[in-house]
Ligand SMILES: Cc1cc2nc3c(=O)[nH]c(=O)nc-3n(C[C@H](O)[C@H](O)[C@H](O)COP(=O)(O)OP(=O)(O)OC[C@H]3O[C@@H](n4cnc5c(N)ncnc54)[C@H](O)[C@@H]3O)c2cc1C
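As a starting point, one isolated chain is supplied in structure tokens, in the form predicted alone.
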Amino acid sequence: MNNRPYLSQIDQIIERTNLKSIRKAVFVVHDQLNLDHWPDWVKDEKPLLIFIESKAKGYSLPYHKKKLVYVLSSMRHFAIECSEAGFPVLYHSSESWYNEALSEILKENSDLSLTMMSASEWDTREQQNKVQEECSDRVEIIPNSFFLADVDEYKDKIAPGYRMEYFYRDMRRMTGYLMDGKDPEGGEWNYDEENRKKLPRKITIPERASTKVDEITAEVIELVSSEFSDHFGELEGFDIAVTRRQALYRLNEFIDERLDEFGPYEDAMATGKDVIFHSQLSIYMNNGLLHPKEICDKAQEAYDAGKARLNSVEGFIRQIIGWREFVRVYYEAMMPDVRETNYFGFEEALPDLYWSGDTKMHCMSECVRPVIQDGYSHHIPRLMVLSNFSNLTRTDPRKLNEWFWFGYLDAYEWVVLPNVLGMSTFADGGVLASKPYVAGGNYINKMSDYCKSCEYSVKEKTGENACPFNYLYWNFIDQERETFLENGRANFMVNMFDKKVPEEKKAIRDSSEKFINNLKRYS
């Protein structure tokens, strides 16, 4: 009888290793699944590779069921590939945290030395440090090589006024992407003005590849269904790439079929079209199956070959070497205190609709639905609908951050925390973003077709039938006016509110108070 439930595929394929005969080992965290970005000696010497499935980590948040399947299946596939490449592999399942499992292995094998690559997430890194403290003479922690920017070069610059644009230009110069000597290709650093088109009714969006569930993934699905049944999200229809080969196919598919149209419609939203021309490659980048450099190299090659327009390639590369790298630097500079930042002091619980999608607001139901189904939505639903609504309803930003962390497949704390607490909710008071990202119904109507199918009217500003975003937006401007008055880019909004007649101001406040008070909150 198998005494390791839901690990039969691993146990059938990977030979058991006699640890007493091993002197050198490497611990591979679940987001470092690419040996090409480990030191050369790892490939040359083929030390023991240790993989740990930590149930304590899995239970620490109600992680999306598909996220759990993806993380575990991709790690299992990678471990098997390493075993087939000649590495001795210890695939360990533990009820405990990583540090407890590693300490136990080291205690039982006194001749074993251990190398670990510094983890991306703070808590896992703290666990690594505990192991090193316990066995300092046998444990080495090496720098993380799954990013492009040198954190130590930039983290002291993180402060109000230092924006991503400055960092991005440095990264363009350093990497050489889209550069014409010392100048940016085309004469501009940023082509955002060309990338804000609404999706036309008649446009062909290429179908995407899906990945067949094999026996390894099927066993993980069975595990998640049994052990994590009360977690967030749906499990049906899992079709995510779980190996590097499959992820590379997704990369090539995006470059060939969607990159050229990515730019113009990267901010667009449309009913039933959750991905449009976006890549969804962050899922594979953030656990190591794909490296940011190889993705940007492919995009540069497409531009050089005339297969993708400049504004699309620039916008895509900026998301990776600009924003993705910048938020990682911010995370390293601001942790751990930033976890509790709450500039506006909002304390309301997360609205229940973030869990259910049950709301008369069509834009909210359409933006929550793909998160529940697939753990995904692109950056505009995240920023301008889901986070916007959270702020306008005075929701605790830390609760929203937690929801993003467990709800999205590409979310790890280093990337989701800066995006939510820094960018989208202004919870850090302006260190990352220059102004609060809030908007009324007009923005959503401009960038989507959501309002046409909504029970509320985007044309009405207050009252029972009005789009809640309309009055909630002006109510937020009024209540947080000091923040907007201090901001040169946004102080005119307070002036616009103050010019409204008293009756309209009262209607805005009354409609907002009624809506917020009646909003069901998750307990």
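Just count from 1 along the sequence shown to find any residue number. Only a predicted model underlies this, so the values are computations on that prediction, with no experimental measurement involved.
Missing here is the form predicted together with the ligand; even so, the following discussion is about that form.
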What stretch, of 179 to 187, 273 to 281, 297 to 305, 72 to 80, brings heavy atoms to within 4.5 Å of the ligand in the predicted bound form? 273 to 281
Closest heavy atom of D410 to the ligand in the predicted bound form, within 4.5 Å or not? yes
Could you confirm whether T217 comes within 4.5 Å of the ligand in the predicted bound form, counting heavy atoms only? no
Mark W323 yes when one of its heavy atoms lies within 4.5 Å of a heavy atom of the ligand in the predicted bound form, and no otherwise. yes
Report whether the minimum heavy atom distance between F316 and the ligand in the predicted bound form is within 4.5 Å. yes
Listed residue (I221, I105, V371, V415) with a non-hydrogen atom within 4.5 angstroms of the ligand in the predicted bound form: V415
Assert contact residue (the ligand, in the predicted bound form, non-hydrogen atom within 4.5 Å, options M423, M117, L290, A268) equals M423
Even though the chain is shown alone, can you say which residues of 284 to 304 have a heavy atom within 4.5 Å of the ligand in the predicted bound form? M285, N286
